[in-house]
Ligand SMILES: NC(=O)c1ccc[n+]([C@@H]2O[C@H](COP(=O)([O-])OP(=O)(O)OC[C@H]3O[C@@H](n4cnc5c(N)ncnc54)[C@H](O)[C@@H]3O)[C@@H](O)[C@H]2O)c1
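Take a look at this single chain in structure tokens; it is the form predicted on its own.
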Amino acid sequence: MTSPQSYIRKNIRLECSHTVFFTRDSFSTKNDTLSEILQPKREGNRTKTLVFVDEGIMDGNPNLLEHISSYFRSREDRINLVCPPKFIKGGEPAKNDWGLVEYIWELLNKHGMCRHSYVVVIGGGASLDLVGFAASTAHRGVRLVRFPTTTLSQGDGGVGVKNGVNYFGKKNWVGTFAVPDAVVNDFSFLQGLPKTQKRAGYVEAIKVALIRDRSFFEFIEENTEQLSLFEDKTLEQIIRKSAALHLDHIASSGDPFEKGSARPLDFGHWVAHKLEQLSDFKICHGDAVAIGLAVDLTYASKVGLVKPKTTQRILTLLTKLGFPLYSNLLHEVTEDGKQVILEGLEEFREHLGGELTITLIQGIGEGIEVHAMDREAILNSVNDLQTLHPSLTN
């Protein structure tokens, strides 16, 4: 006779604070935002800090290293900058290089960084993902401060809790969930961005508005001209509201670390991730998400979830803001004649843990989850986009 099964269960309540600061000129010696974040935990101690800078942002910020050094020198009684700021590659291809993760680990080890030390990373979404992953896996978690420097990362990815690198040719296949100690959205970093990068953050703002906030979508519509001209005040309003909505979802969804299969903030992303992969990341994330939204919105209209005029209204807004709605890669086929884009659906299912959950909308501000998609209707949606909209040059 076997003994009855027994076990002990205790509910562990994890209290995490997630803070996003909005400021300008963070590394002016008059700005105390970062120094307050890096306050020593004990009186008389100096906080060990290691700074990584995305090398891609230097053209738009030629004096950044000098400003960082001056900032830390002015506070060296409390903060120990263990070495000069280190450059790190940015852009999605950097996340394919495992050697960069090892490089960051080596620096953390060399300088004796511990769980009470801070890693500061300044850069776009890919560098935040890369450095965040390395920091979250060293000593099971070195403290992290993110400085997103693009509209995409300030309004979306940079304020999240995910880190990752690409593996097996798949986006973010290796990664962690880790709440950063702080995110600092410094709007002055946006000034030096090329127009295409400034525009990229608009698509994530539109995405989160579509699933959560109709009034925010209408605000974007009403300010299309100002956004097209990259007017500073309107741009900052869009980023601030987008960041707030993303942060609110993470804090209030009940599933910040995505233990379930629902990922509403990934609306439009199953197509986007596959397009990035197919293009060897030559299609930037913002354009890929716009195309992904176009596919999913056209599909939602085709299967009766949303009115055709609503889909057209959204696609018109994306077009006015300069986003592509179609790429020839959507029609790529495998050697045995299968549609490659449909592989993206299966890869997304795998990434979610086996149960497909796709966010669509049934109205502006009304996200809805579906657990199956009609493949023929997807392909018909792609055909419609090919007919109606110019192709993105690959």
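In case it trips you up, residue 1 is the first one in the sequence shown, and so on. Only a predicted model underlies this, so the values are computations on that prediction, with no experimental measurement involved.
Beyond what is shown, the protein has a form predicted together with the ligand; the following relates to that form.
In the predicted bound form, no heavy atom of P180 sits within 4.5 Å of the ligand.
When contacts are judged by a 4.5 Å heavy atom cut-off, G169 does not count as touching the ligand in the predicted bound form. Although the partner is absent here, G304 is not a contact residue: none of its heavy atoms lies within 4.5 angstroms of the ligand in the predicted bound form. At the 4.5 Å threshold, heavy atoms of R75 stay clear of the ligand in the predicted bound form, well away from it. Proximity to the ligand in the predicted bound form, taken as a non-hydrogen atom within 4.5 angstroms, holds for one residue of T310, Q277, Q197, T234, which is Q197. For the options K241, R212, R143, K162, the residue carrying a heavy atom within 4.5 angstroms of the ligand in the predicted bound form is K162. Note on the interface: of 184 to 192, 215 to 223, 310 to 318, 77 to 85, the segment with non-hydrogen atoms within 4.5 angstroms of the ligand in the predicted bound form is 184 to 192.
Annotated contacts: G268, S381 and H389 are all free of the ligand in the predicted bound form [non-hydrogen atom within 4.5 angstroms]. Shown without its partner, the chain has T149, T150, L152, S153 in segment 134 to 153 as residues with a non-hydrogen atom within 4.5 angstroms of the ligand in the predicted bound form.
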